[in-house]
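Heads up, the chain below is alone and in the form predicted alone; it's given as structure tokens.
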Amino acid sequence: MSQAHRVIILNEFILQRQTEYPDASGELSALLHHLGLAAKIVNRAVNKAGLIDILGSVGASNASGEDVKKLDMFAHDHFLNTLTTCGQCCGVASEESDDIIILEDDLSRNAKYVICIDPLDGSSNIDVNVSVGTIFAIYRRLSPVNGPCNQEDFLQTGRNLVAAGYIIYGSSTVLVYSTGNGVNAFTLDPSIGEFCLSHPNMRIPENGIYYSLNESYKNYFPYAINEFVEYCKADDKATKRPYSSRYVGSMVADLHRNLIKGGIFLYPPMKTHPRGKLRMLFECNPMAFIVEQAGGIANRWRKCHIRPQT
């Protein structure tokens, strides 16, 4: 078999990349491996939604005030179980938990990394068989090893990210990640139970044709956002406009499409949420990291000036 057509699985790729870092100890590689393992378990449950009792709500809200779905908790539990036993991280911040989860066993106390994770982004879509995903961000801890981690380990700037990525559960299950040296994607082959390299060195096309945002909130958006949307809709052959509107309601799905096809994803502030609704730890930082590593631009809208529409 030629090298060009040889199947490269996730673990092999991670180990190959580890050799690029002479000081690497293998802990980050093992951590990424365990995230892939947990993703396979969640994928199995997603594929059985409707056949097992995993649809619907648990009747509670998470720390962000959102309705918690059964699959949210399933994903949270299995990612947490995997990260707890792997020994490569000392703490986890999950969107489904009110506080950070400190791992106190001897192996974890000596680990170098903490993880922020949204176990199941877009879970409201699962009941109608639309793509959902997992988002993760990995930081090197600031607190001393051989002791418990603390809140400061998680509240770091996105510039400190060691690695970030997401898993999208759709027509196929794809794991996308970066350690700061480009972006690579791996598609799960269910026949062998392995993530296989399918999109090496992903780059966002320079000339995208899609824009993604929930236009039903148009009357609540800042004036400049609405001006930009009208620009996207305007006819201009020189810039290949009008652009096409695509919005799934799952950040992972919308950004994954734009990563492959080219485009822009927006989640603007509104009158009701002047600072926006996306979580910096669980969504903005890791996804911005991926976008920038793929050659794109990520920007935070810092002010919300609402003007009457004319």
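Numbering starts at 1 and runs along the sequence shown. Predicted model only: the values in this text are computed from it and were never measured.
One more form of this protein should be noted, the form predicted in complex with a small molecule, which is absent from this view; the next part is about it.
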{"property": "Contact flag, Tyr223 vs the small molecule in the model of the complex, heavy atom cut 4.5 Å", "result": "no"}
{"property": "The small molecule contact in the model of the complex: Gly276, any heavy atom under 4.5 Å", "result": "no"}
{"property": "is_contact(Met251, the small molecule) in the model of the complex, heavy atom dist at most 4.5 Å", "result": "yes"}
{"property": "Phe228, heavy atom within 4.5 angstroms of the small molecule in the model of the complex", "result": "no"}
{"property": "Sole residue of Gln156, Ser143, Ser97, Asn214 within 4.5 Å of the small molecule in the model of the complex, by heavy atom", "result": "Asn214"}
{"property": "Site test, Gly122, Tyr267 and Glu283 vs the small molecule in the model of the complex, non-hydrogen atom cutoff 4.5 Å", "result": "yes"}
